[in-house]
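Given as structure tokens, the chain that follows is alone and in the form predicted alone.
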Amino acid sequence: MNPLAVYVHIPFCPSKCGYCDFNSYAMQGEIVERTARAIIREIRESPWAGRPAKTIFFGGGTPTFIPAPLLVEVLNAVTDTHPPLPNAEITTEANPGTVDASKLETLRAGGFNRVSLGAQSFDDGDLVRLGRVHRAGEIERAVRAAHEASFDNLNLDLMFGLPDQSRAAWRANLARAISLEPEHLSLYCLTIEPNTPFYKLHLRGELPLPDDEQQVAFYEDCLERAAAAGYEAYEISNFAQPGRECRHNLCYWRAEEYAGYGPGAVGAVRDPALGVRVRTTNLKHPERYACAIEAGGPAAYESEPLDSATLQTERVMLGLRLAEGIEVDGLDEGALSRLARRGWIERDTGRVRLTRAGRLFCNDAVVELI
């Protein structure tokens, strides 16, 4: 059987951050274990059981908000259902305020071999404004604890373009992150999403954000400081030491198959009966999701066959973000010529990739090509 990537969504968080539009809930009590048990059942009854896992990724929410033994039980269900390939990458996201040495040791012994820490900033003022539950000192403590628990593959998430953030403050954040020598850095510009508290503040003019020129300068700092420290910019927002790219996310960007389990999880797996890949989206609210699973019904509330045009659009939209670029087959030559004249793309041996200048206009380039 062909291997696939496996994603598990744990929808719980200690609190809801002001910028977050992910499917996450600040819930506690019985619903947490009930949802985890439902996820285990969904996995064990999967129609794709037996297909090996090339990667496994627990996201959220904050997976490490739930007890470590319970998280390991969910992982055991995954590995029983989708036997991992040798040396498969098995990641859990974590908030620095929700892990300690004991929890990380349990997770490592249970089979996780990669941790992605949502640091976001090393400035306590930023963390308070963002609504994060941790403080800067906890990031460094969590990194040390992860290393002591024998995790040798660690990612740090940081955001730039934060309210009132100066370029000097962003450079200081980068310096502190790099000094911890993580194997991977994810460096994102803050995006103001609808239906979030930050969006409402922005509409009222109460969110003093850096302008476009400042954001470009912040991103240039990402490229220069990361490269100087030995990190390769293998994707627009992701930087890795050689050989430490996030293999799970590469599956997404290369438009490969992935199964999704848990509330709100999305999967895209080929249906042998239909002969095409089908994208499914699970019920989002933990209560409704758990009820559906307990009743023996499907977790998905939406199912969409992906035709060749949709797959081509996703190949361009996702793959163009990668430094390796995409194959030129099927792309419009007129659009390629226009983008090349603007200096946004370069071509080589049947592939096209964004230039450094083109990275700033990725979305515009995608629109042109599709």
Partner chain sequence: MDQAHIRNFCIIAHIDHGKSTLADRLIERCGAVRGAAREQMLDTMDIERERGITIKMTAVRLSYKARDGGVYELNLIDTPGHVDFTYEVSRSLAACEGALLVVDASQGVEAQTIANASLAMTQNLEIVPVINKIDLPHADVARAREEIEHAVAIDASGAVLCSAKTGEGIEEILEAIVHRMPPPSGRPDAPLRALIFDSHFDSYQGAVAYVRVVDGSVRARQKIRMMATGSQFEVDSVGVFRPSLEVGAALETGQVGFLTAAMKTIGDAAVGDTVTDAERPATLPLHGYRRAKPMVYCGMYPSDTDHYEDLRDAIEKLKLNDAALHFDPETSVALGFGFRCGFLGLLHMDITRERLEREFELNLILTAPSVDYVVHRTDGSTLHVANPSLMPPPTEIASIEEPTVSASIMVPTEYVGAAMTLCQERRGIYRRSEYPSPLRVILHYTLPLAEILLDFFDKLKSSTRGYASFDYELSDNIQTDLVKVDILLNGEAVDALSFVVHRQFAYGRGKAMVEQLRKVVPRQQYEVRIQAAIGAKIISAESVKPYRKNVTAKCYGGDVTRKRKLLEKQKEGKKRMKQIGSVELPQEAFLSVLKVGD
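In this text, all values refer to a predicted model and were calculated from it rather than measured experimentally. Positions refer to the first chain, counted from 1.
Below, we refer to the form predicted together with the partner chain, which is not included among the displayed structures.
Comment: the partner chain is not present in this chain, but in the predicted bound form one of 209, 72, 233, 189 has a heavy atom within 4.5 Å of it, namely 189.
The partner is absent here, but in the predicted bound form a heavy atom of 237, alone among 76, 196, 106, 237, sits within 4.5 Å of the partner chain.
Proximity of residue 253 to the partner chain in the predicted bound form: non-hydrogen atoms within 4.5 Å are present. Using a 4.5 angstroms threshold between heavy atoms, residue 279 counts as touching the partner chain in the predicted bound form. For residue 318, a non-hydrogen atom is located within 4.5 Å of the partner chain in the predicted bound form, even though that partner is not displayed. The partner chain in the predicted bound form is approached by residue 342, whose closest heavy atom lies within 4.5 angstroms of it. Only one segment in the set 62-70, 322-330, 40-48, 299-307 has any non-hydrogen atom within 4.5 angstroms of the partner chain in the predicted bound form, and it is 299-307. Applying a 4.5 Å heavy atom cutoff to the partner chain in the predicted bound form picks out 359, 360, 361, 362, 363, 364, 366, 367, 368, 370 from 347-370, in order along the sequence.
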